[in-house]
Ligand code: HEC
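Presented as structure tokens, the chain that follows is alone, the form predicted alone.
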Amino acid sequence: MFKYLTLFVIASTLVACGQSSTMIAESGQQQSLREMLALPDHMPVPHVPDFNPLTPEKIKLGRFLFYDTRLSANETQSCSSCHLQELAFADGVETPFGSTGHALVRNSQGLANVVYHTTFTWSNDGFLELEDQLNVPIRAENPIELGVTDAFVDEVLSRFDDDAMYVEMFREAFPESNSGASINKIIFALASFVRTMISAGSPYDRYLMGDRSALTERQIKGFQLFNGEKFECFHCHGGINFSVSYRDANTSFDTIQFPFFNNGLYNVDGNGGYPVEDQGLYDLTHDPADKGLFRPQNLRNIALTGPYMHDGSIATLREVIEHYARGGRLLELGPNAGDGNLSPLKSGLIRQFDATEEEIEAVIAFLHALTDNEFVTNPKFSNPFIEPQ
């Protein structure tokens, strides 16, 4: 009995530290948003910017655009090429290739619950809304992802203006505009669709909602370890979304955190260096102290979204836990050789500890309890161009 009471207290604290909307009376607008997103009671209403309010029409348009290869310059890729629903909208590879064959250096993140993050992408402290981030895969020239550069933008937009179905969807989504398709409209619609990707039906969620049979004994033990001072996972992966990069509709702007951490994944030069192709926040700020700083990802559906880390260089959840238990990764050979445990730039939260086999298995079991099978099969997130089976 004490064990279950302890877990309930931990779970309640985890929810409370990540959100406040269940403790604050929601406005009528927030209630409407809760209904539109079909949020269960334990999930907070997310932040949605005033300049792009959610509407069913924009969500519908965004879903079609997300799966349409005509959104890439050469019509070979869509957003869904790197974000597969069955993998919680990750892609299962270390790092993907763009539509023209350019090799990308960062692992494709899962998209579940990204609406709750404070910043977007692995290490950019300037992308504070999804609309900021979406411009990159669509428009960037180096590396090219969808490749809608200035040379191709008119051609791409004409594909949607020449399609009667899209003409109608753009008109319904943006009724005050008569100008047809535009990059801004595409981005606003895609952001609206991605914001609906709420994952809240895992065994962990069912436990929070009162189903005491939803977690196994091992998963309960794993959750206790996850939130304990030995494993210390919760310092970076706390709250209802398992990331301290968090906000919801009731988060005061002056309390928002913009966390980035160096977790000792590399120590190439003995001074905390990372591989030159991606040095984290340093690539934006050029501040040596920012080398290796990346945003902590949310852990929902984490068992489906491997391989792990910003570059996909760790294959399994076991290896992730072993990396943290060691206090940083040791690479003995190759151009990136170095001992991350000795990095002078590593976060003080990454401290070596002894983990038994039983403890590692328990934490892995708990992480599997964050898998939401309803989310990865929900038809409202599926490809609208394919008839449901």
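Each residue number is its position in the shown sequence, starting from 1. If you're wondering where the values come from, they're calculated on a predicted model, not measured in any experiment.
The next section is about a form of this same protein that is not shown, the form predicted together with heme C (HEC).
None of 209-217, 175-183, 151-159, 117-125 except one has non-hydrogen atoms within 4.5 angstroms of heme C (HEC) in the predicted complex; the exception is 117-125.
Between the options 342, 38, 337, 349, the residue in contact with heme C (HEC) in the predicted complex by a heavy atom within 4.5 angstroms is 349. A single residue from the set 196, 133, 202, 250 has any heavy atom within 4.5 angstroms of heme C (HEC) in the predicted complex; that residue is 133. When heme C (HEC) is considered in the predicted complex, residue 232 lines it closely, a heavy atom lying within 4.5 Å.
Put simply, residue 305 is close to heme C (HEC) in the predicted complex: some heavy atom of it is within 4.5 Å. Under a 4.5 angstroms non-hydrogen atom cutoff, heme C (HEC) in the predicted complex lacks residue 281 among its neighbouring residues. When contacts are judged by a 4.5 Å heavy atom cut-off, residue 98 counts as touching heme C (HEC) in the predicted complex. Contacts between stretch 55-79 and heme C (HEC), counted in the predicted complex as any heavy atom lying within 4.5 Å, involve 66, 71, 77, 78, 79, listed in sequence order.
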